[in-house]
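Shown next as structure tokens: one chain only, the form predicted on its own.
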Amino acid sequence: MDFQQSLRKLAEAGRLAVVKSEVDPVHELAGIAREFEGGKVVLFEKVKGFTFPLAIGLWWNRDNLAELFGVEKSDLSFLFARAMASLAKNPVAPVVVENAPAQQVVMEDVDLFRIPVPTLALKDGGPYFDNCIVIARDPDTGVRNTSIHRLMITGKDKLGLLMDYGRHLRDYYERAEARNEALEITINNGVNAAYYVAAITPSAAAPIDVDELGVASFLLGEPARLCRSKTVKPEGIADAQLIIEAEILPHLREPEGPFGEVSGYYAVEDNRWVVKVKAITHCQNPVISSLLPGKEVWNSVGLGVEASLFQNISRQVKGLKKVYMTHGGSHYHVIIQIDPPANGLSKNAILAAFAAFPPLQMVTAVNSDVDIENPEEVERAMVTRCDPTRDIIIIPGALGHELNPVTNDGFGAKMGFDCTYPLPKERKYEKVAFQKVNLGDYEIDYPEKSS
């Protein structure tokens, strides 16, 4: 199932909104998308100045994703956990196919400005690709890496790139740059969601010597499909809507930014890495894919992180039930649901979470009688089960995420809240409960308001 087939499946399920009016890709498109955020995926049929349509919002609703993956919403993170666990067992390697749909059309004169890439936030530095799958090969071992990075269009054949500290792509690049070599990549737009899951797999689940595309193969139920590139060594995704073949140039930095990031704040302009485009191919009549930073990232990164954290914490601490990355906390706050068999283990679980996903700034632990997706229940646990003198953990001087403005280039403190009741459980921690009923069994009238 390619990206367009995914959109048709969502349309059949009533989960697609189609904007037929012409919209300006500079700010107006994102403004409309923001009104739909968290609901239906949005397809813009007419993007001013462009031929191709654009879709946004594939990841901002977990019900939409459950529809695509054919599971219940509550099972998504567990499905992703199984997919990521497959990397350590019997990963299915991708296959390279001929006559790839993504290479049906070759752009004769490379020109990024012919692609409908939106300028999203009001102070963004320009149009951004922000959800493309970047594929590279380790300059020493040849192992593939699949990841997502923001890319600002700065010229017809040039992009500005952000590579966060600690990412595998940056490790690849720094080793290539030390040899005065460019790092070749493909930039893949509009793909099956399975490839996106592979790209967001945390390093704790996919070490640098592991090809994350095994995750996509697991979710697809067949080997991931790649195609040989025309100008670079890394392959492209055969069923992508569009592939950009490029290289990250050594010893060159140019201005990139600002960009309205997932943190809810602008990442500032700075001199960053430069990507030179060598070729562009696409399928017939492609639909370009974009992402609105916010719920799409919280859900996509969240589901991947939840899956990885569940695996890593469970190996160390008993009693873990569920992990949830909150929306209000960006990807800096997770809530873990745990019934520890002994006092103190919930604090161990908090520390294990920080170790497994360094960008975390805060971890909250609650018992299984708390709905971790309900902020009111979590807050109630915080004020009734967390004793500040013994249950707040502060870790000073730790490495976090450089895009979090509370840190100093990623360096700062972390905090954990143990909101689990002490063992043995006392009666005072028993939550009030009521009889469950079905309102359909009762005759109920709802009088209309009189005029």
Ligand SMILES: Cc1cc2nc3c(=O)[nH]c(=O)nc-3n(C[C@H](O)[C@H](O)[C@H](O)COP(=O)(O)O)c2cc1C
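In this text the structure is predicted, and so the values were computed from the model without any measurement. Numbering starts at 1 and follows the sequence shown.
In what follows, reference is made to the form predicted in complex with the ligand, a form of this protein that is not presented.
If you check the ligand in the predicted complex, you find no heavy atom from any of 295, 303 and 326 within 4.5 Å. The listed set 145, 281, 311, 119 contains one residue whose heavy atoms approach the ligand in the predicted complex to within 4.5 Å, identified as 145. Listed residues 163, 345, 267, 372 were compared with the ligand in the predicted complex; 163 is the one with a heavy atom within 4.5 Å. The ligand is not drawn, but in the predicted complex it has a heavy atom within 4.5 Å of residue 130. Taking non-hydrogen atoms only, residue 73 never approaches the ligand to within 4.5 angstroms in the predicted complex.
Contact annotation for residue 86: none of its heavy atoms lies within 4.5 Å of the ligand in the predicted complex. Interface residue remark: residue 226 is not counted as part of the site for the ligand in the predicted complex, having no heavy atom within 4.5 Å. Only one of 105-113, 361-369, 164-172, 217-225 lies within 4.5 Å of the ligand in the predicted complex by heavy atoms, and it is 164-172.
Taking the ligand as positioned in the predicted complex, the only residue of 183-198 that brings a heavy atom within 4.5 Å of it is 196.
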